[in-house]
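Here we start with a single chain on its own, the form predicted alone, put down as structure tokens.
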């Protein structure tokens, strides 16, 4: 019977890291959930990125070994509009990817998620993405890393952006490129308004925050290309009820599809101090409870 791996993105503790906790304490909170996977944001969490000191790298490995954590995904950026006068070229995009692949390998990661600049509101990546990625596939292979663009709201699974990524995988035959699914695409209830947001702003530019409600059944169409899932969520109450993400349908679907990769928590809710710690713990309890319930229901079938 398949089993998920559980992880946490340090993005979950945004606003807490550097104020009420440091990086070491954030890692301890991840370990306290029982998670094994640790996901970081390169520019936010690596001092002196892209050239951390040897002392910091030694400390990184010592901490994750002590806490029995495994580096999973390093989020990176390919800023195609780094200059005002022109867009980044394919060669420059490839150089950025190569730099991040080497750093991710040095820090023990298995995945990187590069976020290319986009050209529209549906998150269509800048057209250099294909040529830039193709130039570093051999390097990714040599370093045993997988490059994963993120399928993130408002982009659903059935969309030209996702289809282009799948086409790239099929045409190149690569095993070093895959899809990172952000579970925010399954959100089926509206989020509260963010501070300063008005109904007019949401209707004009942020309607996806009401939820794009991708059917979980669509996962079956791409699961063969999904090595990693970011378990995006916004609020889980004390009864372990998620107010926006339908985990009671997502978890059984992933089990039926024999997904055995990471569910890496990505909390994106209220940023009051300490709230994220409890929210991440609640999500791990909820996901493990749903997985256990699914497995228990299958046991008579396998007896």
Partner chain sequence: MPERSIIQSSGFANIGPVAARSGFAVRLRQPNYRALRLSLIEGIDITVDGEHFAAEASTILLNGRDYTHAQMAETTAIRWAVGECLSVIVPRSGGLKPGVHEVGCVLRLRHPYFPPQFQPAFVRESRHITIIR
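Numbering follows the first chain given and starts at 1. Being a predicted model, the structure only gives us computed values, none of them experimental.
There is also a form predicted together with its partner chain; it is not shown, and the following applies to it.
**Student:** Report whether all of 41, 123 and 205 sit within 4.5 Å of its partner chain in the predicted complex, measuring from non-hydrogen atoms.
**Tutor:** Every residue of the spot touches its partner chain in the predicted complex.
**Student:** Exactly one residue in 145, 103, 94, 88 has a non-hydrogen atom within 4.5 Å of its partner chain in the predicted complex; which is it?
**Tutor:** None of the other options qualify; the answer is 88.
**Student:** Of 109, 186, 228, 116, which one comes within 4.5 Å of its partner chain in the predicted complex, counting heavy atoms only?
**Tutor:** The residue in contact is 116.
**Student:** Choose from 230-238, 270-278, 58-66, 254-262 the stretch whose residues reach within 4.5 Å of its partner chain in the predicted complex, heavy atoms counted.
**Tutor:** Among the listed stretches, the partner-contacting one is 270-278.
**Student:** Taking any heavy atom pair closer than or equal to 4.5 Å as contact, tell me whether residue 291 reaches its partner chain in the predicted complex.
**Tutor:** No, residue 291 is distant from the partner.
**Student:** Any chance residue 22 has a heavy atom within 4.5 Å of its partner chain in the predicted complex?
**Tutor:** Within the cut-off, so yes.
**Student:** Please check if residue 82 has a heavy atom lying within 4.5 Å of any heavy atom of its partner chain in the predicted complex.
**Tutor:** Flag for residue 82 set to yes.
**Student:** Can you tell me if residue 77 lies within 4.5 angstroms of its partner chain in the predicted complex, counting non-hydrogen atoms only?
**Tutor:** Answer yes; at least one heavy atom of residue 77 falls within 4.5 Å of its partner chain in the predicted complex.
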